[in-house]
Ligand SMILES: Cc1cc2nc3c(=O)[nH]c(=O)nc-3n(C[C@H](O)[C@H](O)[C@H](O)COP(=O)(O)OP(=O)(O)OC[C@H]3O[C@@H](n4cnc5c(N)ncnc54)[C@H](O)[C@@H]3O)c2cc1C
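Shown here is one chain on its own, the form predicted alone, set out as structure tokens.
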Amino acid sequence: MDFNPCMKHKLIRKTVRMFAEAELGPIAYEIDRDARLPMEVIEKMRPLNYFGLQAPKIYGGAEIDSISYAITIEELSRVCAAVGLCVSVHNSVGLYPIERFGTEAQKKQFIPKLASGEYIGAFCLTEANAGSDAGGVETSAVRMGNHFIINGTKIFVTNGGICDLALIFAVTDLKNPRESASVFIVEKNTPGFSVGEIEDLCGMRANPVSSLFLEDCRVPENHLLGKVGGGLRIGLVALDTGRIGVAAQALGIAQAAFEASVKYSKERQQFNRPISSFQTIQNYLADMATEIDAARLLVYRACDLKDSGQPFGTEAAMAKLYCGSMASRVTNLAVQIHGGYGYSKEYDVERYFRDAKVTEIYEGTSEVQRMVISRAVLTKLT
């Protein structure tokens, strides 16, 4: 295994970092405060292929490898995690399932629009009684001729407020939801599709998370992704990929908090010397650096397995589990190092602290990741 990043990966990191610091750095505080996705920056990202990172070139995508993808999400999230979240969800669980499970007609119709950023994608599984329990979906899809009539409500939809296309999980038989769970491609202009109010969240505030309502939403049968009853498989495959993105988000947040803490510790004076000279602060920084490096290797391992065509679900779950908890620990230490200033919105570590927590929750809570990992471990040892 080569632990030295290749020239391509170094260039991608440098390019994305320069873009993020120039375009997102000056407004990161403001858009978090105002809970506003910066569409002026999104417009600049569209021609740069941020919305088609791993999409095939024949559909207008960049078709980059998974480590390059993770680096891109990490560097965006290092400056503005909410925009990193937008890009990650769009690529991993919005576009990718269509690439993996769509018909050729569906790919030609939707992937170019998603890859160019003309369409922003969303992934809609979570409901009031379904989230960790993917089999608890209550949104229904009833076949009527050559259409499906969908009724239900999806909650906590990342990109929900701006999505042009949503992958909707619905069941065709409410008495047998697991076997009848299906996925439908629904465009925002479909009659019966509407967007709820933007959620007032603790972190990731610049991402327009919302509910989506489907009321007698009439969807053509050729917008069924895969086959009837194939929804759970599509969801699990999509989430494996999505977890790499979440891990990379967490990694970017932690990296930002660490860099801010190193800088602050050298500048902050107590007892007539910088606090970086105190062993306690040095220990904090050593722990932060070690955990970040360990997390990055877990992410890269999952990426390498994915690109080599090997099973990577367990490794993606490990990366997501560790990176999420690591980001919470690192940002907590960053606040501690900054003291009272760390609790003030004048310092970015306060935002990093809030943003980090949700990486332990969405696209499978840490508890769900442990279930995935433990099943793999127990299967291997029996």
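As the structure is a prediction and not an experimental result, all values here were calculated from the model. When you see a residue number, it is the position in the sequence shown, counting from 1.
There is another form of the same protein, the form predicted together with the named molecule; it is not shown, and what comes next is about it.
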Using 4.5 Å between non-hydrogen atoms, is Asn222 touching the named molecule in the predicted complex? no
Give a yes/no on whether Val358 approaches the named molecule to within 4.5 Å in the predicted complex, heavy atoms considered. yes
(Q) Check Glu367 for me: does it contact the named molecule in the predicted complex (non-hydrogen atoms, 4.5 angstroms)? (A) yes
request  = Could you confirm whether Gly131 comes within 4.5 Å of the named molecule in the predicted complex, counting heavy atoms only?
outcome  = yes
From Phe193, Tyr300, Phe156, Phe101: within 4.5 Å of the named molecule in the predicted complex by heavy atoms is Phe156
In this chain shown alone, the residue from Leu201, Ile275, Ile162, Ile292 with a heavy atom within 4.5 Å of the named molecule in the predicted complex is Leu201
Partner contact check in the predicted complex: of 264 to 272, 107 to 115, 175 to 183, 123 to 131, the stretch with a heavy atom within 4.5 Å of the named molecule is 123 to 131
Can we say Val209, Glu363 and Met371 each have a non-hydrogen atom within 4.5 Å of the named molecule in the predicted complex? yes
